[in-house]
Each structure stands twice: as C-alpha cells, then as structure tokens.
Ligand SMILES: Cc1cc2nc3c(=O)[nH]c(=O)nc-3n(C[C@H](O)[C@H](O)[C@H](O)COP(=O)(O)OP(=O)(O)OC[C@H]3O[C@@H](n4cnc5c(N)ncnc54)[C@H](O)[C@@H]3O)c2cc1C
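Listed next as structure tokens is one chain, alone, in the form predicted on its own.
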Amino acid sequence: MEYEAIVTGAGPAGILTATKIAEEGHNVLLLEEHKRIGEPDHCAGLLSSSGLGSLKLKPPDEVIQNTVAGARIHAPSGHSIFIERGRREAFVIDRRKFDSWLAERASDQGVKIVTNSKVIAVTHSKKGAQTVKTSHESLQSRVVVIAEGVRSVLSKSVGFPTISKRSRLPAYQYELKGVDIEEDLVEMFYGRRLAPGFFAWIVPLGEGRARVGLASRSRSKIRLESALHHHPIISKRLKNAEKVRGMGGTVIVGQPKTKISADGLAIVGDTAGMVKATTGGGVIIGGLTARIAGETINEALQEDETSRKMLSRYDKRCKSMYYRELQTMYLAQKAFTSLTDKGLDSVVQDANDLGLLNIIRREGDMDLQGQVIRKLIANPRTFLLGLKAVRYINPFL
C-alpha cells in the first residue's frame, strides 16, 4: 500500500484532516487540483477568535487583515440593530495566505502535499484497498478522505448523498478600496428584492478596504451590481470605492449529510455539509468535524480495521456533538427567509424593542449559534415576536 491515507482537496477541512492523521505518524498524501493552495479563494474570510482557539490555531500576523468587534444587521426598511459583546470577536483573514499557512503546518507534521493534481476517480473496495486516479497516476491507500467542496462529484460517484441544488446559493463578492465604513464592524443587509434566500454583506479589511458580497437564489452578481449603485445604504458607503478584484462562489444553506463515511472512505467540510446555514460559514465547524474524522481514521489504522462499521464512529461523534447545532441553524435560516420584507422588518424591530438582543449579546456564539437560538425560542418575548412575524410568511413559498 503506497499510503495509509489520501486526502483529496486542500481546503481547510482537507488540510486539517490530513494534519490530524499525520500527527500519529501515519503516511498521508494530500492532493490539490490547483497550482497553489488557497487559490482561487471564495470566502469572505471572517473567522471567530473563539473558533480558531477551539481548533488550536493562532494565525500569524501576515494572515490577519483586520479584527472586528460586532455586526450591524439592516432590515429592508433601513432599520438596523447592532450586536456586539465588548471585545474583538473575529478576525478577517486573507484566505489564500491562511490556507497556505495551514498547508505549511501540515507539511511540518509529515503530510506529503502534491498540487496541480486533479483527482479523476476514486474506486473503493471492501478489501481494504482504495484507488485514487489522478490526471497523472493511480495511487492506492487504506483510507481516502474526500474534501472536494460543494461539487460532490467524487463523493457522489462512491455513493454519498449530494447537496441539493436548493441548498446551494450562487454568491459573488468584490474587494474594494476607498470605502466609507466603520472598520471594526461587519454589516449584513436583508431583503427579498436585494438578496432572496440570503443577504448581502460588507466585511472591513482595514485601511479603507472591504469585501462586499451577496448570495441569493439567483443572479447574485447582477443583484450585487445593482446594490452597489442603487441600495440606499450600500451605494452611499461605496460611493467613491474602486473595485480591486471580483470572485464567485457558492453558499451552502442545507443540513449536514446523513452519511459521511463508508468502507475505507470519509467526506469532510463542505462536501459533508458541515456549514452554518445562517451565514454560510464552514471553516470552523468544518475544521472541528474534520479533526474528528482524522481522529477516527487514526483509530481505524491503529486497529487495522477501515470498514464502514469502524469509520461510522466519525458519523456518530459528529451527530452527537454538532448535528443539533447545525439543524437548529438550518431551521432558523428557513424561518427567516420565509418572511416577506415586512416580516423581516418586524423581526428586526421587535428583537430590539423586546430586549431580545441582550440574550444574543450575552449567550451568542459566532460558530455554535444553535444554543442562543434555542434560548431565544424558549423566551416568552420571542413568542410575541413570532405571533407578529408569522403574519408575513411569504404565501408563494
């Protein structure tokens, strides 16, 4: 056997899985189809300080572009609420440098990394030998981890469920300079005409620069261009801005997949649906569950047993630790996007008037939002908010 584990895809989830396996001295190969790890990047780059801490990651200064202390959420009417917790809550990172730094750490642990190597097919066998065919060669391994992102081509070919089209929203964002914004504050803009199914965002990079993007059910780039010129708040913020570069991507708003391991196989990160449906963020939750995958594979290799029965420990551990959180966020996203603009205005206004923001400020967690959502639901004042908002559920959904 050439390798004990092969990981396909060098995004954060793939790199962290490979690193965890290599920490126990196993022979790991990490394959990346692009020439450079981290390119092209598709992410707004906002990561919580607590989430990075839970992954035991401390990015170097050259990776961090800015820090933010809070968020302002804008309703369609222009009314807004401000959420902060009195400290620097998150880092804005350069994803290209961040992924490259993660890869350097993996290499230091003994992971062999090969770039410009596209995986064409994965053939799995119950006899303990998995075959990975690239554009250059065929390789064998005891275990294969698929970290291909949202495409699900390889994972589908070996029998894993795919992410539904309805759960994949097209997104587009620009990096701009010359913006007029608060440089320690993220802004989120909701509205069915602006971004049906999701929202638009402004993430400050410091020194008058920002990432401005939008995800929606359709025509995200066209909607973003319209917002840059016509949205009453966004257009004012960016009146004198100059585009530096643009990038497209996909935001996942679905639930985690029900099956994430098989005989000699596992899927991680976006491929496994390990993403917060409320914001589309997947680096932290994807990284945490990727580490569980790595730990489980280490156990399987140690016991010389890589069957589905053994690797299903990964499924069980993820379900017990994170599925409730992910499903709660999914239901909250579905409820929020089912409202008309009047309903969205009602929720934002009443959340402030009823004092519910105090619960969010006290209990909120950027990554594991399910806990605060459940506390909000249990609060009697939320019932009053819901009674008013339910009148505005979109009848055409």
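Note that the structure is a prediction, hence the values are computed from the model and not measured. Numbers follow the displayed sequence, beginning with 1.
Not pictured, yet referred to below: the form predicted in complex with this ligand.
Contact with this ligand in the predicted complex, defined as any heavy atom within 4.5 Å, is confined among 255 to 263, 187 to 195, 216 to 224, 143 to 151 to 143 to 151. Although the partner is absent from this view, V283 contacts this ligand in the predicted complex, with a non-hydrogen atom inside 4.5 angstroms.
The closest heavy atom approach of I21 to this ligand in the predicted complex falls outside 4.5 Å. This ligand is not drawn, but in the predicted complex it has a heavy atom within 4.5 Å of K118. Mapping the unseen interface onto this chain, L344 falls outside it, with no heavy atom inside 4.5 Å of this ligand in the predicted complex. Taken together, G9, H34 and W201 are fully in contact with this ligand in the predicted complex: each brings a heavy atom within 4.5 Å. In the predicted complex, this ligand lies beyond 4.5 angstroms of every heavy atom of every residue of 308 to 323.
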